[in-house]
Structures are given as C-alpha cells and as structure tokens.
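Have a look below at one chain only, the form predicted alone, in structure tokens format.
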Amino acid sequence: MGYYVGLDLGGTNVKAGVVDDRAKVLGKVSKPTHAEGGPDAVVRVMAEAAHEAVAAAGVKMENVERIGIGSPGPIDFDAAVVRATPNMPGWRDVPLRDRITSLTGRPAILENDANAAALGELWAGAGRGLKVTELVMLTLGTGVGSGIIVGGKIIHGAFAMGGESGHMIVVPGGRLCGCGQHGCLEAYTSASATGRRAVEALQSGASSSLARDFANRLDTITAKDVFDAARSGDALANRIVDETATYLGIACVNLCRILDPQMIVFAGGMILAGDMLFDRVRSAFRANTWTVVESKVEIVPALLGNDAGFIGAAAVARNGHRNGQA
C-alpha cells in the first residue's frame, strides 16, 4: 500500500493530508499559514503540517512514497520554483519542492494548486471509478481557476501558462479582467464578478429586492445573495444568474471543441447553488454547442469539497511516483 502526503498552500491556511493508493484519507491537519512571516516561516509551517498529518494517520514518514505540493501563483516546473504568489509577501523564486524535501526527508513534487485539484477530482472525486482520462475543472471563486487533464496528465503548456481557461475571452472588448485582458470568462462568471455585476446594475438604478435588503451596503452583495434573490423570483438577480450561466455554457462549448473532454467539473462556493446553476449552464451549453454529433460531455459539480487541495496534491505525488518524476 502506497502512502502520499498532500500539501495545499493557501494564503490563510496550510492543509496537509495523508492519502493511500485507494484515495482514502488517513489523517489530515490544517494550520494557519502565517504568510506575514515570509517564505521561510511558511515553509516551516508546511513541513510541520506534513509531519502532523503523518502522525495523525498512524504511519511513519519513511513509509511515505512522495509528497505533493499544490501552490498558488506561477511556477517554474523545471526548477520546481514558485515564482510568485498572491497575498503572500516576499515570495519570489522560492525553491519550494527542495525546501520541503529537506525538511521532511521525502521526495516532493510541486504543482499549481488548480491543476492539483483537477487531478484530485479525476482520481478521487467526480471522475472516480469512471475511467475518465480527459477532464477540465473550473473553480468559481474570487477568480476562475482552471486545471486541464489530457490522457490522465496535467497540461502545463510550453511556457507553464497552459490551462488558464478562466482567461479565455468570451466577450471581445468586454469587462476589464485582473489579468489585463478585456472580456475574460473570469470577469463575468467568478463569484466576485457575479456579485459585482449585480451591484453595478443597482447603482445604475435597476429595481430589485437586493436594493431594499442591502440598502446603504450594496458593496457587500455576494454571489450567494444574488442566487438567493433569484431563487425568490427577483428579476434582476435572475438576469445576472442567467448571464453567468450563459457565459459558462459558452466556455464549456469552447473547451469541448478544443479538448473534447469527458467531463467538465465546476468547483468553488458558487456550486452550492446546485440545480439553479447547473441546469442553466447545461441549457446554455445545449443552445450553443454544435449539432454535427450529440455531445457526450458531463458537466458536473466537484465532490471533494474542502479536502480537494490536499487530495489533489496527494494525487500529484502518486502520479509523480508512478511516472518516476523528481
């Protein structure tokens, strides 16, 4: 039986878990990142979390085949270096893989966190037991994170920038995205953008129950508030939800034409809207996809929840071990 440690690096918390070869979680811990302490302090927290997770699992570190690390930010995969991370000061060209190996004594492999989460869903979540090898995952949060799996392997691209589906352009010349492009999927369908579009409509004088419920605090409206109002029959909220779902459906069509995946998985807090989101996305997909042949792709919610990060990182470790990666 193989044992793998997954480390999920977040700006607020570091999560670590021990996962066996059958995707069973044997032990897990979560610790504050203490990002204000800089890279050295964070790396120490990550190593401590790995050791604590191993202890919680009742195994020994020497029995761990490999440690997988899911990190935000652009990564130099050849050098296993984190080039930078959002919301964590001082992170420039940090050799995270080698630092973790040094502090744990186990070989490690570094991966982008969104890519890791996608691999985790393939192995242990939405794709489990279904012989899925082609999968795209979109995470609807502050932005739109993405991971693409082709032939069971993560796509990085020639310059380590592949898989950024959140930055495909769905509205030429549209809303400014944080990446500097105009009209990105992220600018219309992230949880942040969904709430922001409702606020902008209200500030322009649109009528809605949201204006009454959030009088003098419009800037606190979230995507959840928009979906809740839509569920209650609010016309503006339903229009915003319809627009979000339409752009997501169009994105799914584009992904199918380029990649032909078996499964497109949505993750992030917005998927808690359930059928209100997924029924509309699937409807928009059907309305915009080709009619040459019937599409077989499944558009489904992620299943791993709050454990997705470390399970995905463990999946990276497992794949790296099987493929002989350093």
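Throughout, we count residues from 1 along the sequence that is shown. Since we're looking at a predicted model, the values are computed, not measured.
Separately, the form predicted together with a further copy of the same chain exists; it is not shown, and the next lines address it.
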In the predicted complex, segment of 231-239, 180-188, 104-112, 85-93 with a heavy atom within 4.5 Å of a further copy of the same chain: 180-188
Interface residue in the predicted complex among V81, L218, V253, A206, criterion: non-hydrogen atom within 4.5 angstroms of a further copy of the same chain: V253
Candidate spot M1, V59 and S71, all three touching a further copy of the same chain in the predicted complex (heavy atom, 4.5 Å): no
Distance check, T139 to a further copy of the same chain in the predicted complex, heavy atom within 4.5 Å: no
a further copy of the same chain contact in the predicted complex: H167, any heavy atom under 4.5 Å: yes
Any non-hydrogen atom of T33 within 4.5 angstroms of a further copy of the same chain in the predicted complex: no
Interface membership of D260, a further copy of the same chain in the predicted complex, 4.5 Å heavy atom rule: yes
Residues within stretch 106-132 having a non-hydrogen atom within 4.5 Å of a further copy of the same chain in the predicted complex: none
